[in-house]
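In the structure tokens that follow, the same protein chain appears in two forms, which are kept apart as structure 1 and structure 2.
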Structure 1
């Protein structure tokens, strides 16, 4: 497939990298020459310098040859226009990133007529992701699979966990484990798919797949103690992402405080929000936390645009007793460093949510990429078993998947469950498969 990406910022670059490694041809347009030089030495793509909404530049990038156009510049107007021209040139599918929600919600806007098949707003997707984590105490990452029928969650093993120093084999008879599939284990920075002999130790990151109904009880058991539900959330940063999150939190029973440094933005926030307490102050000030009162039932979410500030204020909140901290970090490179220091409970990269959505759109058809995790590499994919596939009527234990991939869940009709080895595949089943990095293409060829 040939793709045209407009905008070579973080999203564009990450997308290009992902798509290229999946074997697609990628052309990129950006008007920032430095951003392009940076990409040129890292990704094998054709680069065109210029304004992505200018028809002559699009023509130069041979827009008519593209199968999918992805517009991810920071300017909504450029994204709109680029998609519009692409549709005029005959591109079959277009997706645009939109920051201002009024473009999507207003009745004046007809996306279809503009030539945009899908508009994505990363703030909403990301706010939902943070909310999922906040609502599930103990989890550090939550992703929904198979249309929300299955959840993938990640958590860190505390010293109180009954899993410690035991292997999965020892829980073979435990009925709690029947409906849980362990898909990832990070021990000493090494990621593996846990097998029967894998042993758990304190501080490991564990990723499991299970039905949403079981998540709370399983997490409570695995944590070895009752996790406190949150009473209060303090959000630092009242720009788009912070506002979206505050709006979502207003619908729950959790008390919300929003701290915004900029007076004008703070006033705008208070206008928009009803229950939430808005404070115009610097979130890194120590006195502020004391005043607001941070305890084990308080979560601190730092989502300003300044990632260094987010990191520092999260560490401070933790020191002052906050039970759970979430930091927005945009730079992919920072994440492993911060993760290793174990100072922040949950890291959110808003671009990851956006990239995930775009990848889903790009792939469509029978293979859907659904999950990229913040903390572990590798991917979750949804694969439909088509009529005539060799795998039809085969037992799972007979599929002989190579090492590095695991079937996590299966959806048949409207139901989804965690299968056993005796499960027999049928036409139109949807599989959720997790695979380690570099295995995606192999996986695709197996289920072709």
Structure 2
């Protein structure tokens, strides 16, 4: 598939890396020659220098040949125009990054008429991801599936977990496991889909799928005393992402403090927020942590544009007593290093929301949604069983899925649940299937 990315900043670079690794042809447009040079040295893409909203530049990039156009510059107006011209050129699928939410919420803006299939504000979506984790103590990742009817959560096993040194088959009679599907296990840096013989060790990252109603009780059992409720969140960084998170936290009972080093931005945040305490200061100063007070019930969230500072300030917060830390990390290559050294509890990459949206278009019509994790590879795909599919009227046990994929949950009508092998597939069922890297194309062919 051929994709045209407009904007070679951090967002565009992340997208290009992901799409090229999947074997797609990528063309990039940007008016910054240095940005293009940096990408050319790392990613195998076709580069075009110029204004991505200029018709002549789009023609030079052969926009009409693109299957998908993704406009992710820092200027919303450029993204609008690029998508509009792409649609005029016959491109069927367009995605625009939108920073100003007023464009999305205004009745004066009709995105469909502008030629935009999907508008994505990745800061809003990323803020919601962080909130989901903060509101579910014990989890290091939370992804909602099947319209929010099912949750996929990741957690790190503590030394007191009843799962330790036992295999899954030892819990087959335990009622707690009837509505839980284990989809991922990371042990000694190796990712696998757990089977009956899989055993768990302290420090393993475990990923499960279950209903939201069962999530809290299951985590209580798995984590025990290690699961601490949060009473305070300190946010470092008051720009778009930090501000969006603070606004969401104001709707909860969690006390929130926002630290912003830029005085003008701090004043703007203070005017916008109602309950959140806004402080104009440097969040990396130890004195600031001591003044605010950090303890086991405090979460520190570093979402500034400087990821090195985010890492350092999270480590410092942990040393001074914070119970949970979250860091925005833009460079994908940093994540496995940080994870292996166990420096930070939760890692957030704000570009995952855009990548997830693009993959919905890339994978094909029977893939209706895509879930991605920050700490483990692979994809969680929602597949619609279409009329005429060879899997209609087939039991799950008869689907004979190859190693590397697992059916995690199923939605029929408005009900979602964890199925057994005797469940019979029907037309219009939706399946949530987790696939290890390299298995996605096989999955799509299985459920045609």
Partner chain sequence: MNIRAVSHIISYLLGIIGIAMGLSLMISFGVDDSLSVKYGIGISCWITIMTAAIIWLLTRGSIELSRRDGFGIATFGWLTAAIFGALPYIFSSVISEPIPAIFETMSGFTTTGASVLLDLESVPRGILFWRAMTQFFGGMGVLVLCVAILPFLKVAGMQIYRAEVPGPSKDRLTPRITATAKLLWGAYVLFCLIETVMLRFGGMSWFDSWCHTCATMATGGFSTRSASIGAYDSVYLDIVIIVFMFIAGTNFVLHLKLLSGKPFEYFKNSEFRFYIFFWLTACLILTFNIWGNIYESFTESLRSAFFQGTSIMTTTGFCTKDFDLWPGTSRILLVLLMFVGGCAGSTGGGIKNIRIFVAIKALFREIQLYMRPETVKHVKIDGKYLKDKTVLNICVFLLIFVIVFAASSLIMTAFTPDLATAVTSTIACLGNIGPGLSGVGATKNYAAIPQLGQLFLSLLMLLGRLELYTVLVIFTPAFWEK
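Positions refer to the first chain, counted from 1. All figures in this text were calculated on a predicted structure; none of them were measured in a lab. We call the rigid core the largest set of C-alpha positions that still match within 1.5 Å between the two forms.
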In this pair the form predicted on its own turns out to be structure 2
Rigid-body analysis between the two structures gives the smaller part's rotation relative to the larger, in degrees, as 14
Residue 13: Cα shift between the two structures after core superposition, Å, came to 3.7
For residue 37, give the CA shift between the two structures in Å, the superposition being done on the rigid core.
-> 4.6
